[in-house]
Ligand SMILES: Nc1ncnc2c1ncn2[C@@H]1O[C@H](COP(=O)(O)OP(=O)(O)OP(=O)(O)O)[C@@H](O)[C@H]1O
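Quick setup: one chain, the form predicted alone, written in structure tokens, and binding and motion questions come after.
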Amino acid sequence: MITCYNLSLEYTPGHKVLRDISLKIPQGSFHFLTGPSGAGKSTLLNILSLAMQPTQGRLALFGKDVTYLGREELPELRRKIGTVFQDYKLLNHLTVAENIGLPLKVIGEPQHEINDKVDELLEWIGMRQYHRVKPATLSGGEKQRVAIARAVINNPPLLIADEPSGNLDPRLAKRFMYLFESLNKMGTTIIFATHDTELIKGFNHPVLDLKEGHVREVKAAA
């Protein structure tokens, strides 16, 4: 599913954020990604979600080298990747329902089917009454829930989540973990970045630890 070959990234010459990262993440696996603040977790996730290109090295997704794809080739691949960003990236001119349903609208799914799936997810995240609400009026935790719902609505083959539980209380964070677990059991490959050690301990998944630009896999948390 994901293969990195000597992947590095530097924002300024001579100052590498990521250093010669080589790893393989099998299809259908679930990995936590940890590391101290500033270690480069978001940078690595941005590369894996095709939002950034590495300075050097190669990246393969879905069995294809995607390191230096042309702009016209990126949209089709990105539609296979669900992404939860730390800053949500909700569209403020759209309602909550429209934000959640956007990935399905992009691929041309019929509106009545989009409505049904959005309704189901809004019920699940406890925001059934928020259909017509705009993101600017939501709390951080509510925005996070909407962002997660949008990322999972089309059952993507790959889900990349950057601190998805960061603005959720422990009870809700665990509830969303069960959603991610269900997706994983249906075949979605998941990379879940988090600082929440208690959450990691509650689930038996391998952990990728990012420190000083290098990644190492440590034993399963549970």
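Quick caveat: nothing in here was measured; it's all calculated off a predicted structure. The first residue of the sequence shown is number 1, and the count goes up from there.
The protein also exists as the form predicted in complex with the named molecule; that form is not presented, and the subsequent description refers to it.
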Does the named molecule get within 4.5 angstroms of any non-hydrogen atom of G40 in the predicted complex?
-> yes
Spell out, yes or no, whether the shortest heavy atom distance between P36 and the named molecule in the predicted complex is within 4.5 Å.
-> yes
Using 4.5 Å between non-hydrogen atoms, is H195 touching the named molecule in the predicted complex?
-> yes
Should Q86 be counted as a contact of the named molecule in the predicted complex, where contact means heavy atoms within 4.5 Å?
-> yes
Answer yes or no: in the predicted complex, does the named molecule come within 4.5 Å of a heavy atom in every one of L59, F62 and D209?
-> no
Location of the named molecule contact in the predicted complex, chosen stretch of 23-31, 174-182, 42-50, 64-72 [non-hydrogen atom, 4.5 Å] | 42-50
Going by the named molecule in the predicted complex, which residues of 11-26 come within 4.5 Å of it through any heavy atom?
-> Y11, V17
